[in-house]
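Given next, in structure tokens, is a single chain: the form predicted alone.
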């Protein structure tokens, strides 16, 4: 069985394409009647859906994996644990699931990339949802110790009020461009001219 398209995505760190590549390859193999389940990289496939934030596809893939394969490959269950935590919005649980398994060399880089992306996503969520937030909550949402969460927040321009252990969120500046349409300017000029004369 040729899994080189999947290996190519992993080698090029194009993790957002892994799920689609796996889906396409799996459909091709199934349509040809080739038995693929025993050698199929289910953990990578499942993590590809999780990485793409396609939890419905991850859930359906999980349900389609034969029980004996789930039981014989604990890494598949470890990836699914991440998916379950995402599904239930257990933010700290996502980090616990990531840190709670000794990942194989084949999937480690993808797990690290997912963790970094997830941390950035959570930080952006906090940035848009809060003006002030406790250090404890920042640490919870980012899956870090309080000291590391403070450092991370300060690196991104937030300010610490150490007297009450609160972090003041730095809101991103919104830049709005106003493009002036020449035809509108012409109409405005004609209107003003008409009023004056």
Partner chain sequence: MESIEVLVAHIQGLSRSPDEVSHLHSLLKQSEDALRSHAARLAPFLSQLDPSIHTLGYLFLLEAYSSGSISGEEASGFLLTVVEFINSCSAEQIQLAPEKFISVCKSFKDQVMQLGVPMQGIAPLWMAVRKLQTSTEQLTTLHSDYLLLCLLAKCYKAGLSILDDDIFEVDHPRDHFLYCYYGGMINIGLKRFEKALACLHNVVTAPMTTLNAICVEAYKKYILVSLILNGQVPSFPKYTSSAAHRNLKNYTQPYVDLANFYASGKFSELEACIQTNQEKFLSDSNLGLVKQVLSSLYKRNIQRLTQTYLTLSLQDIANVAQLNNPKEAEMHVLQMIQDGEIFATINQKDGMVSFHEDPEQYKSCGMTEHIDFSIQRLMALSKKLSSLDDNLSCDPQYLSKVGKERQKFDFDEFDSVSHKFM
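For the two forms, the rigid core is made up of the largest set of C-alpha atoms that agree within 1.5 Å on superposition. Numbering follows the first chain given and starts at 1. Keep in mind that this is a model prediction, so the values were computed, not measured.
Same protein, other form: the form predicted in complex with the partner chain, not shown, and the subject of what follows.
- Screening 162, 131, 145, 155 for any heavy atom within 4.5 Å of the partner chain in the predicted complex leaves a single hit, 131.
- Under a 4.5 angstroms non-hydrogen atom cutoff, the partner chain in the predicted complex lacks residue 69 among its neighbouring residues.
- Of the heavy atoms in residue 2, none are within 4.5 Å of the partner chain in the predicted complex.
- The partner chain in the predicted complex is approached by residue 19, whose closest heavy atom lies within 4.5 angstroms of it.
- The closest heavy atom approach of residue 171 to the partner chain in the predicted complex falls within 4.5 Å.
- Heavy atoms within 4.5 Å of the partner chain in the predicted complex belong, among the stretches 109 to 117, 93 to 101, 122 to 130, 75 to 83, to residues of 122 to 130.
- Counting a residue when any of its non-hydrogen atoms is within 4.5 Å of the partner chain in the predicted complex, the hits in 35 to 58 run 36, 49, 54, 56, 57.
- Put the two forms on the same core and the Cα of residue 13 is off by less than 2 Å between this form and the one not shown.
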